[in-house]
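First, one chain by itself: the form predicted alone, in structure tokens.
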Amino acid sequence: MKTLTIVLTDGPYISEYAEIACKLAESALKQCHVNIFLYLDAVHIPKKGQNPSFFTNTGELFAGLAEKGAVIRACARCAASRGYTAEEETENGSNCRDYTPGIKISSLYELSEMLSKSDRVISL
């Protein structure tokens, strides 16, 4: 089965990239494996408790993608510098108490592995 990797760098509500990535991933999951790597300010996307008034809650969208099988990882260095810490895996499939279920903090080494095994890569 083919693999698509999406790399996001913008935080939620700065642009529509997070929502675009969700739509692409949702469609791609029907026919291939999907990896999403959150880099730079994109590590804010899966933060629990966001309540945007005029925007779609991207954290919930990403949790739904993880539930459907997408592998979603956030850069450890980017996350740590923004106040998110990796811990032992919690009961919801995450390793960060501040993140929605199924999304883990990981290293750039995992991004490298994702990229090397991907048939297509999209950077937003």
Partner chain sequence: MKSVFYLLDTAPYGSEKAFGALNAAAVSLNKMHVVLGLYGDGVYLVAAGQDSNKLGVPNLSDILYSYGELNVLVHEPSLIERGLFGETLIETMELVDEKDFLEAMESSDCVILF
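As the structure is a prediction and not an experimental result, all values here were calculated from the model. Residue numbers count along the first chain shown, from 1.
Missing here is the form predicted together with the partner chain; even so, the following discussion is about that form.
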{"query": "Stretch in contact in the predicted bound form with the partner chain, which is absent here, among 28-36, 77-85, 92-100, 57-65 (heavy atoms within 4.5 Å)", "finding": "77-85"}
{"query": "Any non-hydrogen atom of residue 108 within 4.5 angstroms of the partner chain in the predicted bound form", "finding": "yes"}
{"query": "Contact of residue 16 with the partner chain in the predicted bound form (heavy atom, 4.5 Å)", "finding": "no"}
{"query": "The partner chain contact at residue 115 in the predicted bound form, heavy atom, 4.5 Å", "finding": "yes"}
{"query": "Residue 2 within 4.5 Å of the partner chain in the predicted bound form, heavy atoms", "finding": "no"}
{"query": "Partner contacts for 5-23, taking the partner chain in the predicted bound form and a 4.5 Å heavy atom cut-off", "finding": "7, 9, 10"}
